[in-house]
Every structure is written in C-alpha cells, then in structure tokens.
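The data below hold one chain only, encoded as structure tokens and taken in the form predicted on its own.
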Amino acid sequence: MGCGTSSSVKDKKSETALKAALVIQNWYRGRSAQLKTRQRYALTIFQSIEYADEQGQLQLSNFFSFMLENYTRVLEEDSELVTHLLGSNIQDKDRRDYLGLIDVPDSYCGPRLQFPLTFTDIDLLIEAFKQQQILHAYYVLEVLFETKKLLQRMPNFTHTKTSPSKEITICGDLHGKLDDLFLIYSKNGLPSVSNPYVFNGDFVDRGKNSMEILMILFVSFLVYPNDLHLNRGNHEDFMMNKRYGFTKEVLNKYKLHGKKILQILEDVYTWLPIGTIIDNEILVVHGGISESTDLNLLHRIERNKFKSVLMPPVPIDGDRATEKENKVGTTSTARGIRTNGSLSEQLTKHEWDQVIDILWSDPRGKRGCYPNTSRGGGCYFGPDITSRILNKYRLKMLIRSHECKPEGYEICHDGKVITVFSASNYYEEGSNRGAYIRVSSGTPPRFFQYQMTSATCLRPLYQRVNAVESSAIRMLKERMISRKTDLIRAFQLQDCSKSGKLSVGQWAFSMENVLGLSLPWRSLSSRLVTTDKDGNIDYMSSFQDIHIQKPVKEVQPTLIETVYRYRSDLQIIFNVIDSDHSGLISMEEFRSMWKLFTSYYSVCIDDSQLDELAERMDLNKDGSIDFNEFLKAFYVVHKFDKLNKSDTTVA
C-alpha cells in the first residue's frame, strides 16, 4: 500500500511537471511569434522607406530633362553637363591619360599588384583589406581598365555549365558589406576553376567598403574570367551612386584621383553582362522579368548604351509634344532633350524598358504583370508570368536578388523563383541574415545562411528585436516630421469637431494618404502616438519627441520641411552641377536651381525666405555655398538623443 501511494505521488508530480513544461513552451512560442511579428514590421518599415527613396530617385530623370529644357545657363555654357546627363558623345579615354601622371611612391605600404594577375593577387588583396589598407589609385585604375577590356568581349548573358561534381555558387546583393564577402570566401572557398561563382549585382552603395568589394571581384574576374560571373545590378549605375554613397566613398578614399576612378567606373558599369544562364535551365538576373521580357532581344542589344536608369532614350521628333507634364508620383520616363548627339548612341525605348525590367522588377503572389509602384521602376510579376516566360525559353528556374529577405533567401512562384540576398544586417545590425546558393546539374539548390556577428548580436533575441524596431521607428518618425505640415492639415480635415483627436482608423487613413508607404499603421500606432482611454489618438503627439533643427531661426517651417524632405534629391542635383567636385556652387546657380526645383515639384516657397537662408549659409561672404554643408545644417533632433547627450555630459 505504501508503494502504491508513493507511485501515485510520483505520477502527480510528473503530471504537474508536464503541465508546467507545456505552459512554459506555449509562452515561449507565443513570445517568439510576437517578437518575429515585431521584427517583420520593422523590416517592412525599412523596406517601404527604401523603395520610396528609390521612387524619388527615378523621378529625378524627369527633373533633369525639365532642368535642361529650362536652365538657360546649362544649355548655353555647360555642354559638359549636358553630355554627362544625356550620355552622348562619350569618348573612350586612353589609359595613358589616366595612369601616365600617377606614381606609386616607395612609401606606399599597401598591396602591390603584378599584371597579369594571378590567384596570389586575390589573396594579397583580401589580406590587405582585412588590415584596412587602401589600394593605391594607380592599381585601381589598372584593374578598371583591364576589367573593361575583358568585359567588352563578354556576351550580354554568360552561359555556364555545371555537373554533379562541380557546383556553382550564386551570391546576391553585397552593398559594400565587405565582411560578408570575407565570410562567403572563408566558408565557401575562393573562386577557382573548380569553384565557380555568380555575383548577381549590387556590389556597391550603402555599405562603407564598396570599393574594396569591387576590387576583389574584379581581380577575381581577371584571374578566372570563365569561372567568376558578374551581373549588373540596379546600383551599378553612376547616378544611383551619387545618392546612395559610393561616389562619396570614392572621393573620400581617393582625394587626388577619385574623379578619374569614377569616370572609368561609369564606363565599366555599362559593360557588365545583364545576366547568367546556368545549364540552359536557370536564368540568373538581378531584378526579374515582365510579361514582355524578350531574351532573344536582350541577347542582341548593345548593353553599353544603357548608361543610367535616370537617362532614358531621347524620344524621336514629335514625341515631346505628346509627353505633357510628367507629374511626381508617376513612373513614366523623362522627356528627351535635343542635342547634337547621335540617336545611334542610345538604346531604343523598347530596348531600354527591357533592361529596366531585368534590373528593377520584383515577384509578387498576385497573377499578372503591373507597374512596380513601390520602387517606381520595373514591374511586379506574378506566378503566371514566371511560368510563361520560363516555358517560352525552355528554362526551369529564375534566381534573382534585389530584395532584402529576413532569412537571406526566399522561394516563391511554386519553387520557380528564388531570391538570394547576401548582405547580412542590411538595414540594421540583427535585421536580417545573408545567404548564398549552390546549384549543380540534376540536384536541387542548396542554401547557406550566415550573419556577421558582433557583441550586440550575442544579446538575447528580444534585445536585438528592440534595437532593430527602435531604429525602424526612428527612421519612420523622420519621414513623418518631414511632412509635418501636410500631416497636420490631413489630420485637421478629419477632425471635424476640432478636438485634437482622431480614431485610429482616421489617423491611419491620414498617415497613408500623405506618406504613401503602405504600412500597417493601426498596428504601429502604439509606437508612434499616444491614445486615450477611449482609444482615440492625440494626433499632435505624432511629433512630440522629434523636430528638425533650424540653421536660421526665422525661416518658416514649410521651407525647413521641404529642404529636409528633398535633401537627397537636392544633393544629387547640386553634385551633378558641381562637375569639378569642388563642393561649391555660386549663389546664382543655387537660386536658379532652386526655382526650377520648386517649379517642377510644385513646392510653394517664398523666394525671399530662401534668399535669406542662402545668404546666411554663405559663411565667408564670397558668393558661393558649400551645398553639402548647407544640407547637413538640416537634421532631425530626437528627444531620446537629447536625453542621451545630457546623460553623457553629466557623466
């Protein structure tokens, strides 16, 4: 009997322990799901703002056309700028013009490349970059000239074969993340005849080591031209580089010869192949396809005529009359400008559209093909379009990049489309993993994931999610403050009783109507505004912990918001005008460009306000403005930053 009682107690204890374990397990699963949802919302914010910025970048093509039609000084006095914007009359530069006057001094301690290059130069370069050494401009230019010469012999699509014993590795966007490339080479091996690679575009921009990545890839390509394949991405574009950081990186690292490097790079980009075809079964392109994708045509076009997404073809005579007033928010291409350049120097409109679709498109679950309204270029293509294009050209799979994915890759369209993204921590440390794919004939793709780690990545999941989410909310609030006047106007239109409060639905409608980011505003409201006990939102709380710093106190808020909102666009415009990279433009140029800008973008700003602001920013009164410093004067101050600063001061 005693034994029976003991057994019964043990059973009850086991049952209690099991119930406790189930409770803990359910709590953990619920908590993990909650954290994953928050992380997904944060990534959605990052991505929505990224795509909105790209849309703004593409709309600049229309502005440049408008500028050249209306900016008299450009047409009459600056033919170099006209040529730069239109891509006409570009002549091949002799290597001696660039390298003849550059010496590598004995004091240079960085890597010294020996041409013709061998595999030891790849090792040499990698080890030097790990020590944060800078490759001398002489070697950079040598590599660029040699790369261009070899690329000119390549077809638009490189064809390669695998076997069960010889896989090929496909990497997606790297975006200047050098540590990710180091990790890939460390885990997967250096390129070689037995270890081929495809790098699927977007090597540059955003990250701080784009030049190092380009040099490693180009040197690897020169050593193994048949085993390392480089596809062009939408960021291998000199106009994109002006906005997203690579131009600035080059000029900072190569103060004497940066301009020469950028000029040659602009040409190298145009010779990068459009895509790779593996085993006549797998199409690898950066962006995607559309319902009109014609691979036969894309094999034949003169790809080097595609200079930039911001430089669409000049319409034939008479087209300009029919292309009236391209407004902000459309995805139409720019109006053409009459120059003395030959139309044979550019692609046809149809050819240009084909390349844009390859570089900019994204897959979606919805059937059909429709405009990519998020990015402003390319299209969204559904599973039916994928099946149709693959069947038409007897292909089995499309591998593309172009989109950050939480796990580094994503499979869609019934397994026929794979997205691979190789830049880990793309938006923020801990925001996403990177991945690469290995494929071979007759076997399914193999996926390899990774994430560059640091001290912060070793923290618990909830702390990492908090950090990523806080960064995303911070970025979103900066977007909100740049449209403060418009948002308040939208809120007040909904606030019929003038109570200062709105329902969550009204607030969410106003936010989307003004910002157009397609975000889950209702779910995000708890992080952005304060809500009363009845569930109504105090809409002015949207701006309670953030403001734009005014460089001049008397300037109206509307002007401050406008300059801050368009600061990236303005920086590109002024950088284009500043052809000698001096960083300075005259007051007259500044006023003329601003008037054109406000006219085109329908921005209502009092000229006297801008004149006063410009004069205040001419610090040494020499009639010139350092426009980069001018734009830096407009920055967002977060309440949280102030608290941190005061804490630091006390300590």
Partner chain sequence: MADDRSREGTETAVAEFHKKIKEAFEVFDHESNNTVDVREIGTIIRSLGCCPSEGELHDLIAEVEEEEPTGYIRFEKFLPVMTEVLLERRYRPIPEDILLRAFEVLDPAKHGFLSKEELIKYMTEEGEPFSQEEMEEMLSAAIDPESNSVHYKDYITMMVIDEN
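In this text, the rigid core denotes the largest set of C-alpha atoms whose superposition between the two forms falls within 1.5 Å. Residue numbers count along the first chain shown, from 1. Predicted model, so just to flag it, every value in this text is computed and none were measured.
We do not show the form predicted together with its partner chain, though everything after this point is about it.
Put simply, Arg364 is close to its partner chain in the predicted bound form: some heavy atom of it is within 4.5 Å. Contact annotation for Glu410: at least one heavy atom lies within 4.5 Å of its partner chain in the predicted bound form. Taking non-hydrogen atoms only, Cys109 never approaches its partner chain to within 4.5 angstroms in the predicted bound form.
Although the partner is absent from this view, Tyr462 contacts its partner chain in the predicted bound form, with a non-hydrogen atom inside 4.5 angstroms. This chain is displayed alone, yet in the predicted bound form one of Ser608, Ser582, Asn26, Ser602 has a heavy atom within 4.5 Å of its partner chain; that residue is Asn26. Note on contacts: among Lys187, Arg522, Lys130, Lys396, the single residue with a heavy atom within 4.5 Å of its partner chain in the predicted bound form is Arg522. With respect to its partner chain in the predicted bound form, the three residues Ile264, Ile546 and Leu570 uniformly fall beyond 4.5 angstroms at the level of their nearest heavy atom. In plain terms, the part of the chain that comes close to its partner chain in the predicted bound form, with a heavy atom within 4.5 Å, is 499-507 out of 226-234, 499-507, 143-151, 280-288.
A displacement of less than 2 angstroms separates the C-alpha positions of Arg40 between the shown form and the other one, with the rigid core held in common.
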